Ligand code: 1PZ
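Let's start with one chain on its own, the form predicted alone, as structure tokens.
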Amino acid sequence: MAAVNGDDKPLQKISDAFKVLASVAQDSKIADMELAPFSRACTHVCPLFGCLGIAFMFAEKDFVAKVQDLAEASNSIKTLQSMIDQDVQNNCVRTAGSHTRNLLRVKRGLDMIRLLFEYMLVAEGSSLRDPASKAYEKALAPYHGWAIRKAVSAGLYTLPTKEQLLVKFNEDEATARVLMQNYVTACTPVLQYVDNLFISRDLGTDW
């Protein structure tokens, strides 16, 4: 299980990494986003799921495994575009375990964390139950079966408080708010960029 230890600063890492990706996604002069920095940025998100405890244990395991697949793929595939085009050519886009399918799942995990931060930034009180529930319902629940949705619902009662989560992040509230907003802002164009890769190839994203 991914975890945050010692002086690790996961919020700072994802803020920095996704700012770089966002600059690529928004630069019309850059044709392709490289897979290696994308997958490295996603590895920094992995510990965040672990900090949420058993409620998102399945999501964490699934996200970590698929990020690892993309990281391994980056050893031989240079860009997100070429990775998807290779799967299209091999007629395996929707095949379980394909890089393209895994990319779509990773994108949803990134969106889950983005939404969680969005809701946390406007929520009152210390409970994460409502922000986490809303983020899950929007980003992941539509693609999960009844058993997983039920497990997540039950696990929401075991979530850490906001204060406990910030301790795990090794941040105080002031710095955490800035870094969470940085991720929300930077992640948005990156998610749109990935969506466009699927849409431009008529692959759809609702599967």
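The first residue of the sequence shown is number 1, and the count goes up from there. It should be emphasised that the depicted structure is a prediction, and the values quoted were computed from it without experimental measurement.
Another form exists, predicted in complex with this ligand; not displayed. Remarks below refer to it.
> Candidate spot Val20, Phe38 and Tyr193, all three in 4.5 Å heavy atom range of this ligand in the predicted complex?
No: none of Val20, Phe38 and Tyr193 comes within 4.5 Å of this ligand in the predicted complex.
> With a 4.5 Å heavy atom cut-off, would you call Leu116 a contact of this ligand in the predicted complex?
So Leu116 counts as contacting this ligand.
> For Leu166, is any heavy atom within 4.5 Å of this ligand in the predicted complex, or not?
It does not: once this ligand is placed as it appears in the predicted complex, Leu166 has no heavy atom within 4.5 Å of it.
> Residue-level contact is defined here as any heavy atom of the residue lying within 4.5 Å of this ligand in the predicted complex; does Lys66 satisfy this criterion?
Lys66: yes, in contact with this ligand in the predicted complex.
> Report yes if any heavy atom of His144 sits within 4.5 Å of a heavy atom of this ligand in the predicted complex; otherwise report no.
Contact with this ligand, yes.
> Only one of Ala176, Ile148, Met33, Ile54 gets a heavy atom within 4.5 Å of this ligand in the predicted complex. Which one?
Among Ala176, Ile148, Met33, Ile54, a heavy atom within 4.5 Å of this ligand in the predicted complex occurs only for Ile148.
> Name the single residue among Met180, Leu70, Leu140, Cys42 that comes within 4.5 Å of this ligand in the predicted complex, judging by heavy atoms.
When this ligand is considered in the predicted complex, the option within 4.5 Å is Leu140.
> Is any part of 177 to 193 within 4.5 angstroms of this ligand in the predicted complex by a non-hydrogen atom, and which residues would that be?
The stretch 177 to 193, when checked against this ligand in the predicted complex, contributes no residue at the 4.5 Å heavy-atom cut-off.
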